[in-house]
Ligand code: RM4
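Given next, in structure tokens, is a single chain: the form predicted on its own.
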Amino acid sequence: MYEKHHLMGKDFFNIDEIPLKILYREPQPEYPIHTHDFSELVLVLNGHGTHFTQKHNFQVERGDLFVINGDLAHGYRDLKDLKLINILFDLNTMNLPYFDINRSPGFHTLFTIEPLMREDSRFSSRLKLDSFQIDYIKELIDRIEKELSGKRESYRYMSASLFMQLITSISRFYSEISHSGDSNLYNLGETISFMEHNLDRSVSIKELLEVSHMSESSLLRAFKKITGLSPLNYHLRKRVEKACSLLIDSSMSITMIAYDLGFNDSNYFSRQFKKIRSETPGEYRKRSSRS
């Protein structure tokens, strides 16, 4: 068993700043196994080396781009002129508007599914950029760093908008790549994207199996690992999340919200809402209006 240490976001992000930091590792030193309470986006610019976890070794080289979520213990060793850029971030506290990025299969695969399934897929579904894409992404990263370090007027807003552009660009790159290896991870991303496109109705396991091209047992097992829920329970929770937004941001009646989200019975909608949120839609709306 490796001995690991834990890095804290407070040591990298200033309290009055957005939780976003660019670190240029040229070269990247060998680094012992560790965890952290934030996420990393890693772009390999040159050289090669071993990115290792407690179970596996993964070879990385120029063009590799991947996300590391904080709870995965990892490190670097056996490096040869490895140069990379680390983007430290915390999406949970950045409060970025998601708009329609949640409908991107590439976004779900790159930022959620691949990091959680990396040990199982043996890193076969990482994003591999070509030279043009590397230059494009590096320019975006350099612009973010210039804003963060220069601290000009509205630099937080500009940094956040550039980071959103970065997320969108790499999500599109991922979606455009033809996966010749293990395609199950991207299929899972497409499945979650399908769910996000259909929050106005219930979906069936049969539909999800057609989208995912997986067996029912494989789909259930993968969803349990990724979300902790069954596919149908995950989709129900997403519909309830949408209901929460409508309860706060609109004057629609609870009955109309229920119908807009595909619940033919508003009483059933209220029961499902309370089961998930531990309060009725009316209680949620009233509490939220006071805060």
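The first residue of the sequence shown is number 1, and the count goes up from there. Keep in mind that this is a model prediction, so the values were computed, not measured.
Absent from the display: the form predicted together with this ligand. The rest refers to it.
| Within 4.5 Å of this ligand in the predicted bound form, do we find a heavy atom from each of Leu7, Arg25 and His74? | Yes: Leu7, Arg25 and His74 each sit within 4.5 Å of this ligand in the predicted bound form.
| message | Within 4.5 Å, heavy atoms only, which of Ser175, Asn86, Ser161, Ser202 is in contact with this ligand in the predicted bound form? | response | Contact with this ligand in the predicted bound form is made by Asn86 alone.
| field | Listed residue that, although this ligand is not shown, lies within 4.5 Å of it in the predicted bound form (heavy atoms), from Tyr31, Tyr234, Phe52, Tyr259 | value | After the contact test, the surviving option is Tyr31.
| request: Report the stretch among 31-39, 225-233, 248-256, 52-60 that approaches this ligand in the predicted bound form to within 4.5 Å, counting heavy atoms only. | output: Among the listed stretches, the partner-contacting one is 31-39.
| field | Non-hydrogen atom contact Phe12 with this ligand in the predicted bound form at 4.5 angstroms | value | Although this ligand is absent here, Phe12 would touch it in the predicted bound form, with heavy atoms inside 4.5 Å.
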